[in-house]
Each structure stands twice: as structure tokens, then as C-alpha cells.
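Listed next as C-alpha cells is one chain, alone, in the form predicted alone.
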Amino acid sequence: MIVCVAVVGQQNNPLYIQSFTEADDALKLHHIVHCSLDVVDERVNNPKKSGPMLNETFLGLLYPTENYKVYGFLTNTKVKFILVTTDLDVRDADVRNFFRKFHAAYVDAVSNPFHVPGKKITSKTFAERVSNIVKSFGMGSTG
């Protein structure tokens, strides 16, 4: 089950963070997202040590915690997507598919002529699309 998704800008500024759990977990999930940015920076700045090639946007499993697994995705414009899940046996194909759909929703949201680049994403349509993508996570290729 996905518990949190985030879009983080080029300067590590949060553009969109949505938790899908109780309110008391929200702060902990924001902390996990913030900590994962260090791992993303490490993988981007030291590609030889960490595996993925420079042209690979899917960063894979950033780090596991006791209760969560954190996955990352980096766009060509250096915007980072973070996914926090409680599922301990998630397939990479499902996560890649999630990020593909999430990236498409993000592109549609920032392509809005009224969106100011680098500012928080406040679109209700984007939030609804993200919720639908999260609900369909792990259910195959539907969505």
C-alpha cells in the first residue's frame, strides 16, 4: 500500500506531498521523504558507485526502513518523485509503471498555462489523478 508520494523540485523544495494515512503519520512520512533526498543526490552525483546509468530516470529502491520502502524517480529536469510504500514485496515493474503514470500526471499539471514553474502544485485535477494512480497501484496495467 502506498502511504506517501512527493514531487520535489530542483533545489529540493517540496512541490507536492500527499500522505494516504492518518494525520499523525504525516510528519514522519515528510521526514522520510526529506531523508530520501540525500540518497537521490548521492546516486545522481556518484553514478559509478550506485548502479543506475545517468540516462536512467528510475532510481529504484532508495532505502528500506523497518516499516517502509522508499523508491525514487528523477526527471530530465532534475525534479524528483518519491514513493513511500508499506509493501515489503513490491515488484520493480509495478513501481516503474506507477512512476510512468505519475510522471504523465505531473507533466499535464505543469503544462497548465496558469501554473508557475517551481511553485507548489495546487491543481485539484492533479490531486485526483494521483489518488486514482495510488488506488490502482499493484493491480496490473489498468489505469
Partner chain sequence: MVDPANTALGKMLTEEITPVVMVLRTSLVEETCQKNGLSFIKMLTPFSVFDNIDVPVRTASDQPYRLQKFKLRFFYASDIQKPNLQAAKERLEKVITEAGEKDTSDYCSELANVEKGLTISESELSPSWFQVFNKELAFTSSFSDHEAFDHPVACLLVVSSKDEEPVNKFVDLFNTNQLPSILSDGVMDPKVLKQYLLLHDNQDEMPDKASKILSEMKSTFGSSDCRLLCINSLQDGLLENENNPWSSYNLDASLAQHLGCFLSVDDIDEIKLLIQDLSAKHIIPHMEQKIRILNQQVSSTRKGFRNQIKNLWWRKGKEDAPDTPNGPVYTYNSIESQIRVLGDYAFMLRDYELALSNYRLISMDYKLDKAWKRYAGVQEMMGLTYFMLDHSRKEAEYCMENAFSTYLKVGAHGQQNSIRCGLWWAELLKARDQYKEAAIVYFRISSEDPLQSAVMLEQASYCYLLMEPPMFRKYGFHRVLSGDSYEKCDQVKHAIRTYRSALSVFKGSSWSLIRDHTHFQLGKWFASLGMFDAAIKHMLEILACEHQSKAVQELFLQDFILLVQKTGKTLEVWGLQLPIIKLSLLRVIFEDHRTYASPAAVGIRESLWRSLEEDMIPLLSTAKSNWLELQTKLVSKKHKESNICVAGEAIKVDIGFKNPLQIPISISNVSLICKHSASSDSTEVDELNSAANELSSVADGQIDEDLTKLISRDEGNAENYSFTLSEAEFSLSGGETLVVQLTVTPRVEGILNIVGVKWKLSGCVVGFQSFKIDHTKNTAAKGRIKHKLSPSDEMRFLVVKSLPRLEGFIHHFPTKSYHGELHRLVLELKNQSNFPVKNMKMKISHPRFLLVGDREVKNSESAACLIRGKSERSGVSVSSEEAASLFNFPEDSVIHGEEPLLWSLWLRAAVLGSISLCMTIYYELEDISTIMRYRILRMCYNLEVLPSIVVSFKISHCPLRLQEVLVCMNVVNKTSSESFQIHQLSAVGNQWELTMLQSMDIPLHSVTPGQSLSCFFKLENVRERLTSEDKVVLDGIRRSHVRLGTQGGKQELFDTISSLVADFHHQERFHQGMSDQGHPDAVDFVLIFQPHNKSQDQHLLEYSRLFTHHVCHCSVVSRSPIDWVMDGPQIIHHDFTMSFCKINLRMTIHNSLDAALSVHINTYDKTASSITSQSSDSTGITSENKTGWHDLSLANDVKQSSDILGSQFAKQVSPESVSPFIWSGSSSTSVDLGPLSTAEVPLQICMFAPGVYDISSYQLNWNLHVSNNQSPGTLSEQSLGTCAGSPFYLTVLQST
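Positions refer to the first chain, counted from 1. Predicted model, so just to flag it, every value in this text is computed and none were measured.
Although not depicted, the form predicted in complex with the partner chain is the subject of the following passage.
Peer 1: Just to confirm, with a 4.5 Å cut-off on non-hydrogen atoms, which of Thr21, Asn13, Thr122, Asn132 contacts the partner chain in the predicted bound form?
Peer 2: Only one option qualifies, and that one is Asn13.
Peer 1: Val44, Ala26, Val90, Ala109: which sits within 4.5 Å of the partner chain in the predicted bound form by any heavy atom?
Peer 2: Going through each option in turn, the one that passes is Ala26.
Peer 1: Please identify, from 36 to 44, 95 to 103, 70 to 78, 109 to 117, the stretch that has a heavy atom within 4.5 Å of the partner chain in the predicted bound form.
Peer 2: Answer to the contact question: 36 to 44.
Peer 1: Using a 4.5 angstroms cut-off on non-hydrogen atoms, would Tyr63 count as touching the partner chain in the predicted bound form?
Peer 2: Yes, Tyr63 lies within 4.5 Å of the partner chain in the predicted bound form.
Peer 1: Is Val8 part of the interface with the partner chain in the predicted bound form - any heavy atom within 4.5 Å?
Peer 2: Output for Val8 is yes: heavy atoms within 4.5 Å of the partner chain.
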